[in-house]
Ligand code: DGL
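One chain is shown next in structure tokens, namely the form predicted alone.
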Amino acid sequence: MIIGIYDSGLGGLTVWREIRQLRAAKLIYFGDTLHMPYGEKTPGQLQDYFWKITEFFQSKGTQAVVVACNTSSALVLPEVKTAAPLPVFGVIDAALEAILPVSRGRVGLLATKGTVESGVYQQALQKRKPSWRVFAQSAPRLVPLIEAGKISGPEVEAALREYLEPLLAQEIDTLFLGCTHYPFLKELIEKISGPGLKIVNPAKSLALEVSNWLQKTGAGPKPQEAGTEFWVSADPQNFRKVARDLLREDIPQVGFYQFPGEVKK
């Protein structure tokens, strides 16, 4: 069994490491670094990327696709999931399963502009818990900082305070990290928010969903076939360097894949 995982860049690695810990499987990770960040892209652009990446995964023999990106999960999956040639897993349902058991009803959503403006989490939580309040805050500066390998320091802390303080002023009891990049900032978020705030990372719930599916299929790799291939659409050397810094471990050589008809920038 081969599973494809993709994101606009490094953020999906927070999902990849959870899946890797829960289930031995052959994984192929694709970072669409040429088009990063996804939070500023249109739904049409994101759908185009989905189909091109899915085609790439099929060429590598994958049997399922994990969309490790909240923006794509919100704006793309509702339109493409039934037409996709492979099973597709997204972040939205997994995130709800992570939020519902821990919140007391005041949820802060920290996410990209695209995810916030989609309203998908606000609507889903309102449907499940009509009495709950959801306070959404877009954080456009965070993904570029993380992609540059910056997860601490004055610049990052200033950006986080700018985005967190309006949410904390609403006396939220739960902070949902609505972008798979943001778990890399968890320690700094905890420092700013102080004790008592529940911080929800949906990567673990998504990994569990994928792991349960793999178990039900009964198909797994031979021991020598487990592991991960890493691919990107731009600058593989930089991706590998920053990934090593963020994960605090080495990763294999990163391959470069150029979308058909795409001009390399």
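In this text, residue numbers run from 1 along the sequence as written. Keep in mind that what you see is a predicted model, and the values were worked out from it rather than measured.
A second form of this protein, the form predicted in complex with ligand DGL, is not displayed here; the remarks below concern that form.
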According to a 4.5 angstroms non-hydrogen atom cut-off, is residue 185 in contact with ligand DGL in the predicted bound form? no
Wondering, does residue 37 line up within 4.5 Å of ligand DGL in the predicted bound form on heavy atoms? yes
Classify residue 143 as contacting or not contacting ligand DGL in the predicted bound form by the rule of any non-hydrogen atom within 4.5 angstroms, answering yes or no. yes
Heavy atoms within 4.5 Å of ligand DGL in the predicted bound form: which of the stretches 123 to 131, 177 to 185, 190 to 198, 97 to 105 has them? 177 to 185
